[in-house]
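The chain below stands alone and is given as structure tokens, in the form predicted on its own.
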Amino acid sequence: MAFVINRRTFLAAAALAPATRLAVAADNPVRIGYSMCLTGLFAQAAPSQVNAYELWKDQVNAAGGLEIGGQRRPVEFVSYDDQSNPANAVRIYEKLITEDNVDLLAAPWSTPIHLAIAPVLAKHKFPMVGNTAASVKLREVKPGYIWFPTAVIPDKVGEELAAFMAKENVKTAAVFANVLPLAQEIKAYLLPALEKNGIKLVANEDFPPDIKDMTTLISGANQSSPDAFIVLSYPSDTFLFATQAKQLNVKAPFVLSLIGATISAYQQAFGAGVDNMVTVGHWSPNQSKWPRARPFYDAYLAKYKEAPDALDSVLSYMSMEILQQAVATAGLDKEKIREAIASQTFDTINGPVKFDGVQNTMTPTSFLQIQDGNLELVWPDSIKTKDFRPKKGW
């Protein structure tokens, strides 16, 4: 198998790959399987994750392959469309393990699908590092064969968001939430945290996933001139809210959309209009404490001509970094990989990661803000790259 390596790809790979001299087994690829929501309800989320996987694969292969037992072996993906259906994903992961006989597994997209395949992994004792899953229910997953690197856990998000808002002198807030699970979980923890921090709720409304018009919600809340609009949204409604908030001249100095504001298409669509929007996320290429962050950003930008999603792309790439480092020490023995992931500390583009049970215990729950076209960490102080700026117009 031949690999075309241009100078930019080589330099990006060199910056992110271990500088070791190993034998190369080009005729013996490592096969990594996964399912993805290429169609169905979550299809718009797939590119951010698939792009990160492909970038990681290209970099590993450009460096000679995945380090296993003193050799480097090229990586191949075996993937299927789960159509955004957890039941399909269960069948696919069974097939990947029992019929395709893949060497390793990568994660699907979404919390429901991660939770659905967890029993399959346990049944076959096949380790997998998750990524795009966020729920307090993750803590109910029995430790052993799946791990979650995200810091977007609803109870922590609710508590930290309320504390962040209080620090920025927010006294009143309007909260709108999609009825999908992540938004509702965060809301369940956010509302009591707002009350605890002395923040008055002037609007509290839910909306369906296929909402086409938010003008009634926004107009109603606008009458109270709240200090904050908190929109617990998914990508399509994040775009809708930005469009209609501009039309209705929302003037709140603190405005948050949950999911979607970290993808390049959001800033491409709205430009300076979404400057100083806040969103969830725990990574920025501008955090100098994480020396791998900027090379990842530059390599992604060079390959795809757009910035990575600071949430899903980053988590997906992190999961492959963790798997890569575990395999370098454990080889392809599944129990040794499990032991390595459960016990080691991993160097990632989001800083060090270590798991306690199924969860990453080192990455803090954080918030990002779009500032002059850049995604900056503005909370907490321990990792922030810029101070928070009030939103002033659209």
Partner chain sequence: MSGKVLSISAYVVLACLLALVPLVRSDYWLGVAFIVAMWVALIQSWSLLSATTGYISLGHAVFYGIGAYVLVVSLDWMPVPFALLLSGAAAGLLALVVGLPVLRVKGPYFVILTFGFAELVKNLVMLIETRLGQFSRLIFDTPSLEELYYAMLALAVIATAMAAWTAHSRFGRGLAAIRENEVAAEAIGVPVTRLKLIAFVASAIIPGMVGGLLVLRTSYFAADQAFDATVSFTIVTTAIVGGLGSMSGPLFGTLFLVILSELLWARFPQAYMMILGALLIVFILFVPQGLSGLLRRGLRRA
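Positions refer to the first chain, counted from 1. Note that the structure is predicted; figures quoted are calculated from it, not measured.
The same protein also has a form predicted in complex with its partner chain, omitted here; what follows describes it.
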4.5 angstroms heavy atom contact with its partner chain in the predicted bound form for residue 299
no
Do residue 92 and its partner chain share at least one heavy atom pair within 4.5 Å in the predicted bound form?
yes
Determine whether any heavy atom of residue 39 comes within 4.5 Å of a heavy atom of its partner chain in the predicted bound form, and answer yes or no.
yes
Does residue 291 reach its partner chain in the predicted bound form if we count a contact as any heavy atom within 4.5 Å?
no
Does every residue of 168, 216 and 226 put a non-hydrogen atom within 4.5 angstroms of its partner chain in the predicted bound form?
no
One residue of 198, 271, 220, 209 in contact with its partner chain, assessed in the predicted bound form (non-hydrogen atom, 4.5 angstroms):
209
Taking 4.5 Å between heavy atoms as the contact cutoff, choose which of 122, 191, 116, 248 touches its partner chain in the predicted bound form.
116
Stretch from 79 to 87, 155 to 163, 235 to 243, 299 to 307 whose residues place a heavy atom within 4.5 Å of its partner chain in the predicted bound form:
79 to 87
Those residues of 321 to 336 which, in the predicted bound form, come within 4.5 Å of its partner chain by heavy atom
none
